[in-house]
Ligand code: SD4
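Below you will find one chain, with nothing else, as structure tokens; this is the form predicted on its own, and questions on how it binds or moves follow later.
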């Protein structure tokens, strides 16, 4: 069996990697490690695009999205547009394990959280409120989804995606976010959608995305890269293929590719990452007791 490996998006993914790697090396399951790592980021108020302290939407409400997937069984679950629940990755796991459904949204997801014993909590911090007020669009632009050039009014959309390989050779993944700052109330991106923000299959590999979710959804990004690994491509080649799909879709629409990045992990423990030009994407990898930050290859 390969050594345990864990990979996560962005520099704050180091928090997830360190937490998760300790569990993997203690023999715990990949899904447990990925969720614990993601939850550590959800709890960090310094991360303004995930969980507690996430930047609010156009009407000042923090709405969270998340999904999880178990590569051994293909079990999966997601929640979207959830208010007042901090640990939405864990809530997505409950959807997977305690219901016959894959996705719960809005008030239904929040009621399910209460049924499952999750507490309601404010997701605002004084700092996040101040940042929202400072950066919110003016002159009636609140709630606008896309600016004229295809870019969002705020660049705050740094999802944490965590992929893990455990000592049994099984894969799992988590994707969790507060989404685009100042997004329209009720907007949902790629993060809670299986096949878009996350896909995991022990027979092929695990993949996840971060960035402007609409662009990832448009090409089913994570499914594309996992299927590329199933066809024999390395994790790096698969990520570059997914980015090429994002770039091609932008060309067809006559817009500049938005900031998007992908990470991948295969059953052998090999990793990969790629991003669109100018994304300046960094990601964390943990293996053999060591966690390191890497810079992804830009693909244009």
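Residue numbers count along the first chain shown, from 1. From a predicted model like this one, the values you see are computed outputs, not experimental measurements.
A second form of this protein, the form predicted together with the ligand, is not displayed here; the remarks below concern that form.
With the partner left out here, the ligand still marks one of 220-228, 182-190, 165-173, 96-104 in the model of the complex; by a 4.5 Å heavy atom cut-off that stretch is 182-190. Contact check at 4.5 Å (heavy atoms) against the ligand in the model of the complex: none of 240, 276 and 299 pass. Residue in contact with the ligand in the model of the complex (any heavy atom within 4.5 Å), chosen from 80, 123, 76, 212: 212. Using a 4.5 angstroms limit between non-hydrogen atoms, residue 158 touches the ligand in the model of the complex.
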